[in-house]
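As structure tokens, one chain now follows by itself in the form predicted on its own.
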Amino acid sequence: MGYSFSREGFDAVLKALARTYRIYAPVTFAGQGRFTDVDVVRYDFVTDASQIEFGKKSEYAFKELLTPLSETLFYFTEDEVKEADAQPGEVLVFLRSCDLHALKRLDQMYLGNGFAEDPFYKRIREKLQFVLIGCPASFENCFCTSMGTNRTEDGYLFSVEEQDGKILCEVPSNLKLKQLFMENGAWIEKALPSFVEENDVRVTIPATVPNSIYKAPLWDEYTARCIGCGRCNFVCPTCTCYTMQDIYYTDNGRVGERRRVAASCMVDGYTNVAGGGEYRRTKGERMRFKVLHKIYDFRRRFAYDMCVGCGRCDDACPEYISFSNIINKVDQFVKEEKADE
């Protein structure tokens, strides 16, 4: 069932929903991009429909709500430990199909990977509901069709898409929302969300990789080009690595807090171990680890790829390193290895 809204009508819907949810959506921040006078689209809490950016891809993923860059887990004193307060209230998150697929990867890592669920992730996750933003055309660097993440059929309360000055919404089953939508909009026969059918960028992922891939010369290029800034990891909606930091309030180290802080497999220090050892010293080795984890190792464990093809890593890289190109180079290497057998 679908509904059509004027901007004012949809704003009334959003204000009504805001009584129950905090609204988290992509927003354009003028002049706050990486370069002078360049805009940036990133997620933030909104109070008005006019604040939501429907026409551009967000440069940062929604995941900062679920996995903050820095999150206090608990406080400690000499006598007790107190878990940090949870975020207040339920949240309604506006996202595209690729990011809804990314949510499945995050859930897999934090809730289905090991002997126990992550309680700090879970308490945030349980408070989230999702709105699917329609995606009628591919953005630059996207390759979601190759990754099978361009379409989704469930997992959201309703969809939203801007067409010809109107806001179109599909409401799959929520009776309460249907009543709210009827009061502020007009019923239409069809308002299914748009999905990308084709990307300019395409990748081919090999089903398996030979052991020779780990010493392949293709990684040497990235030792020279990559500067190890970690931007690709921090904008990625499926990167989940973190480290722990203890902050001490007293000189004796017995009062303070423990924080979970986002980490990157591409930066210096990520693989440091006791005794001064460091695995994957070169940028090429780190790139190999990241790439194979995204398109091979994760799939071996969970039967689907970690990468969702959003292309944000390509958008963010200051050295113009293309992740999609690397995937295709890996596939070409595998084909050549098989041809030589």
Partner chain sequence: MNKNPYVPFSSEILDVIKHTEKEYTFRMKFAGEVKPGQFFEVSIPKYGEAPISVSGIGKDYVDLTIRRVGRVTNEVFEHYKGQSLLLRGPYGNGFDLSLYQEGEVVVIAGGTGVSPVRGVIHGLCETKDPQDKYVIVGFRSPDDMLFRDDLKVWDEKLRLTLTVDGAPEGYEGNIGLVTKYIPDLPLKDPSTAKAVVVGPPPMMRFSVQGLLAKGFREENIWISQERKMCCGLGKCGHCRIGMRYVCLDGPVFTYVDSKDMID
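Numbering follows the first chain given and starts at 1. Computed from a predicted structure; not experimentally measured.
There is another form of the same protein, the form predicted together with the partner chain; it is not shown, and what comes next is about it.
**Student:** Does any heavy atom of Val201 come within 4.5 Å of a heavy atom of the partner chain in the model of the complex?
**Tutor:** Val201: no, not in contact with the partner chain in the model of the complex.
**Student:** Can you work out whether Val255 and the partner chain are in contact in the model of the complex, taking contact to mean some heavy atom pair no more than 4.5 Å apart?
**Tutor:** Contact check for Val255: yes, within 4.5 Å of the partner chain in the model of the complex.
**Student:** Is Arg301 near the partner chain? Define near as a heavy atom within 4.5 Å, in the model of the complex.
**Tutor:** Looking in the model of the complex, residue contacts with the partner chain include Arg301, since a heavy atom lies within 4.5 Å.
**Student:** Should Ser50 be classed as touching the partner chain in the model of the complex when contacts are defined as heavy atoms within 4.5 Å?
**Tutor:** Ser50: no, not in contact with the partner chain in the model of the complex.
**Student:** If you check Met182, Ile247, Ala224, Ile188 against the partner chain in the model of the complex, which one has a heavy atom within 4.5 Å?
**Tutor:** Of the candidates Met182, Ile247, Ala224, Ile188, Ile247 is the one lying within 4.5 Å of the partner chain in the model of the complex.
**Student:** Only one of Gln163, Thr208, Ser173, Thr243 comes within 4.5 Å of the partner chain in the model of the complex by heavy atoms, so just point that one out.
**Tutor:** Residue within 4.5 Å of the partner: Thr243.
**Student:** For the interface check, one of 53-61, 307-315, 274-282, 37-45 should have non-hydrogen atoms within 4.5 Å of the partner chain in the model of the complex; which one?
**Tutor:** It is 274-282 that comes within 4.5 Å of the partner.
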